[in-house]
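Below: one protein chain in two forms, given as structure tokens, structure 1 then structure 2.
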Structure 1
Amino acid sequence: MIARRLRASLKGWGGVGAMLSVCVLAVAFALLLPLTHAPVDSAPGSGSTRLAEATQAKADTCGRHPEQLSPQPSGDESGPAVTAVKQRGYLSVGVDQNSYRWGYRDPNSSGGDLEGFDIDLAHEIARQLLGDPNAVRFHAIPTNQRIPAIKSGQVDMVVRTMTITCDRLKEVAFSDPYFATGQQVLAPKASGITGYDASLAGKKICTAEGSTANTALTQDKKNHKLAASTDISTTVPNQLDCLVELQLGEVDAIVTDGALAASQAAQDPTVELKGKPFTTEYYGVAMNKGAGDLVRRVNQVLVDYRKSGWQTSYDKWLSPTLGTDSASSRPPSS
């Protein structure tokens, strides 16, 4: 009714001009209307639906290369997380104490100090942040407690063969990758298991709780990529516990990172790696999501460590089990 009255009143050239004016005003109002709401959506603490959706979309679209999502390296040490570490005077690091050549106590060494590839990296981070490689306090963290230890503030970071994944990035932050590996099968040499294939049908497999191996097996069984008769119910808090289960005959095989499996094979000559790695994964240093300045500083440590130190540590600890010309024998690029 209003529209008909408006058209009736707008006759002749004057009416056309008036109509054009109305249209211009209508368009301008339509364009300005969203802008009047924009500050409400973007205001800090406003509970913005638009911002939440954007953040969720970013988390959900992590993609196939989560190892590429860490922030740029920086030598800046003025941020709150780095400042807190420097004021405290030592770095608190979650590590393993049972992974041969990665983080373990050698009973034959004097003092029984922790040593291994991950331990070397933790010392290097402490050296660059605090000027003293020994300004670090180690905390033995089980595999399934790595994320809780970071989120609770028990440790500043975890350097413990921890794979960078999209799911984990929702809970913790990661540095750039410092090691490349992949999931692989470990089984007795005399077994008929040939790898991550049909030979696992009817077999009992052990994985560590919260590990990427456990996630991969669970997903593959759900998607029927793993035989329905394969038993993946055996999980343990620490990866080394799987080797004990295998030695006791409680399970038929272990699925874990090939780098860890190679070290376990070095401990027990009756077992061996079976088949090739069936995933590609990268280890990163895990930190609190709110410690962005510390993440960037650790990334700068890794830039320097790749140039000098990484290869020396690899040759000392991992070359005997992984070789000098494998996919893992060179530091991954950031």
Structure 2
Amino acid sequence: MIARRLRASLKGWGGVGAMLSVCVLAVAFALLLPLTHAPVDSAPGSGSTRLAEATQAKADTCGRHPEQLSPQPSGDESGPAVTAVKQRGYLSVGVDQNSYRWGYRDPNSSGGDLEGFDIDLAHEIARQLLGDPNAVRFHAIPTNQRIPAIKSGQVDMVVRTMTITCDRLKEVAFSDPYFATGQQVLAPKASGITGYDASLAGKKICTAEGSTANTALTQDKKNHKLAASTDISTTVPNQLDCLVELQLGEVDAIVTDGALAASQAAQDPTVELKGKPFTTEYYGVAMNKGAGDLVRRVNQVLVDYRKSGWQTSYDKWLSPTLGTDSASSRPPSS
């Protein structure tokens, strides 16, 4: 009897102890990981130091996997943000209008409606929230206006190939990921380029100004992961302009998000994605930090969407260039 109780209490304490130690380990891991990795994958420089410090300070809220930090899905619709949308009667969504197969306007369709993978998702969110897939107003916003548009309340959410990052999490809230991608090389089929590797030596690469790709390439060139003879000086205002440069023969390859590279490949049958993505990124729906209830509601939409609508939309827009196997693009289910 006594022995049994002792055993039970020990078991209880043991559980608590185990939980405690796991917590300590997790915190230590979260704290130390960026420190141990910082010198490896970032060159010395004020920017990267600042990044490391920021990551460290934010270690309790954002680590190596910012895409796993979204709140639990919930079908609750009583929160203030969801109520506001319902009262207004339509959802206001920031999108792109120049990303083929993601968010674009077909000039030959009457009405000039936007269409693409991002647009499908926005319609789905509107359908679940308001019962009408068309109860949505699209705002074409520039890349660098995504966060300001959310913060100012101009849009309820941004569905615009937006990667979930720790830096962005400081300013806006993200839903669970709805797409997995990574930086990838796009080059003419006939070229000798095989991927993000030594075959890029002596080639000219185009990236968009201030893009993740541009930052990664600059870093890798410093770290000699990229051949010194690779010319990465060509930058353009919009990733699509890279395709123009490529078609005009001004550059040999493009580096951009695999998803956007696929969108470019869909517009030119002579180019293709080369090799595997060399980073892992996730797209999420960005919303206001104060709209926690809306984030949870959107996460619930995504739970359902991953089950049915996602694959249909993928097949319609992305399978021609990203391949019929969607496994590598599918986001981890939360």
Partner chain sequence: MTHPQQSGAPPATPTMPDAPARATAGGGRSAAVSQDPPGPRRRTAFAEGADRLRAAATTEPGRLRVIGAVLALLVIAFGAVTAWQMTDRSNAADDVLHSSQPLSAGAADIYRSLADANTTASSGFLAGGQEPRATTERYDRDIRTAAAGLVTAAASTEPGSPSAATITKLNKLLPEYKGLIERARANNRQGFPVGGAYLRTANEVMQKQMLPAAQDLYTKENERLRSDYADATPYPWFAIALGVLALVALGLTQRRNYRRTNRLLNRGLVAATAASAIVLLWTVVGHSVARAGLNASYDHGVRSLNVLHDARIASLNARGNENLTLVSRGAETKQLPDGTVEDAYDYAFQQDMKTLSAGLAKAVTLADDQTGRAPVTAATGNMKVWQQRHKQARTADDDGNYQAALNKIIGSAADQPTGECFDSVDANLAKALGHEEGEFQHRAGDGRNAIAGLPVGAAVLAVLAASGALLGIGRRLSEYR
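Note that the coordinates shown come from a computational prediction; the quantities given were computed from them, not determined experimentally. FYI, numbering is relative to structure 1, first residue = 1. What we label the rigid core is the largest C-alpha set whose atoms superpose within 1.5 Å from one form to the other.
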query: Either 1 or 2, the form predicted on its own; finding: 1
query: Rigid core superposed: residue 326 CA moves 2 Å or more between structure 1 and structure 2; finding: yes
query: Residue 307 C-alpha moves between structure 1 and structure 2 by 2 Å or more, core aligned; finding: no
query: Displaced residue check between structure 1 and structure 2: residue 223, CA, 2 Å or over, core reference; finding: yes
query: Inter-form CA displacement between structure 1 and structure 2 at residue 238 - rigid core frame, Å; finding: 3.8
